[in-house]
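Below you'll find only one chain, the form predicted on its own, shown as structure tokens.
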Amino acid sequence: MTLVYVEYQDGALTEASQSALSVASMFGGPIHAMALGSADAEVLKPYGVEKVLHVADDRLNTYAPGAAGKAVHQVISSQSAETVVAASTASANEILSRAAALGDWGFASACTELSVDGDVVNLTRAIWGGSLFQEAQLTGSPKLITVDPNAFAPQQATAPGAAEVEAVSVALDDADFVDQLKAVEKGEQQGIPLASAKVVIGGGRGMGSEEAFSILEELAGLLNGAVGGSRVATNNGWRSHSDQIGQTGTQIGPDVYIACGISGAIQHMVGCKNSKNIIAINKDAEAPIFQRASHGVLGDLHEILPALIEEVKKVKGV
């Protein structure tokens, strides 16, 4: 049996957890889900989930990593799961690592590739902030794994599961909640979120100014995409820091990433490594990004982008 730790945000199953549920099918056997606090079992049926282990403790509705890790450890201990899977989010990585430490179980985070060979899981995982990839094997039982949601597309099962809810009790006391998230302040979201956009247009040092990003906004509007920037662009105040793509910013996985005036430093490439296609526009033939790009355009972006926009308009008839 494979157990999937699922997360909800604003009452909805996260897309990252949908990716984790899709990965669970490769391990064979029935799929069970584990949810803390509030949970919607109905949305788990399309992913072949047979049973939902629900810890209905209202205190877990807000993020409390110590308590959550202890609760997950107790749930796993009560089951016969050979593998436990979750999305590689900051919260799930912390919770599963705590559970693994309590149980002295094997744990591998941020996996980008997986294959099963009997009782061994062969995996590739991102380390050092994503700047290196490690090939490793995970053995023992249970095996705890988090998967990079940008590396595994959500895919529903061929047949729905029953998703029968089973209430599970865990033993938690007040001391387990000493570290707890009290409030979240959200900024105003305009347009398509960078992390989930299917098309992303990124600008770097070569843009030259904040005003130059208006042309990227125009192209993104035509392609139903989002605009981001390199660390140089955000440090210069040309874009908000929330728009930064990179190791210390947002990690993206669009179908198409158009990088404009971006040299391709390793910290930036970590943030866009899961892009299915990278189109680089740069006037420097030696820019490292050309080594990683699917397609490259050598030239002045201030001349290329207006021409590209005109062609897109012709195709779209606008």
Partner chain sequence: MDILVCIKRVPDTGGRVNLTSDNRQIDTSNMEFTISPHEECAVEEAIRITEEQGGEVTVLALGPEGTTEQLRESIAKGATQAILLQSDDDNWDAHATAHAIINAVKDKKFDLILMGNEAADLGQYQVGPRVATMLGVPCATGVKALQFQDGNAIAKRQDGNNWAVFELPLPAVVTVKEGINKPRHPSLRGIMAAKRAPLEQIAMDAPAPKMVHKGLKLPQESGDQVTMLGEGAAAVPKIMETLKELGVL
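Here the structure is a predicted model, which means the values were calculated and not measured. Residue numbers count along the first chain shown, from 1. Take the two forms, find the largest set of C-alpha atoms that superpose within 1.5 Å, and that set is the rigid core.
What comes next is about the form predicted in complex with its partner chain, which does not appear here.
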Checklist entry - Looking at its partner chain in the model of the complex, do all three of 134, 235 and 241 come within 4.5 Å of it through at least one heavy atom? => result yes
Next on the checklist: Given that its partner chain is not shown alongside this chain, does residue 43 nevertheless sit within 4.5 Å of it in the model of the complex, heavy atom to heavy atom?
Outcome noted: no
Item to check | Non-hydrogen atom contact residue 108 with its partner chain in the model of the complex at 4.5 angstroms | outcome: yes
Checklist entry - Does residue 288 make contact with its partner chain in the model of the complex, using a 4.5 Å heavy atom cut-off? => result yes
Item to check | Distance check, residue 217 to its partner chain in the model of the complex, heavy atom within 4.5 Å | outcome: no
Item to check | Stretch in contact, per heavy atom within 4.5 angstroms of its partner chain in the model of the complex, of 172-180, 75-83, 158-166, 206-214 | outcome: 172-180
Checklist entry - Going through 287-303 from first to last, which residues have a non-hydrogen atom within 4.5 Å of its partner chain in the model of the complex? => result 288, 290, 291, 292, 293, 294, 295, 296, 297, 298, 299, 303
Next on the checklist: Once you overlay the rigid core, does the Cα of residue 210 travel 2 Å or further between the shown form and the other one?
Outcome noted: yes
Next on the checklist: Using a rigid core superposition, assess whether residue 289 undergoes a CA shift of 2 Å or more between the shown form and the other one.
Outcome noted: yes
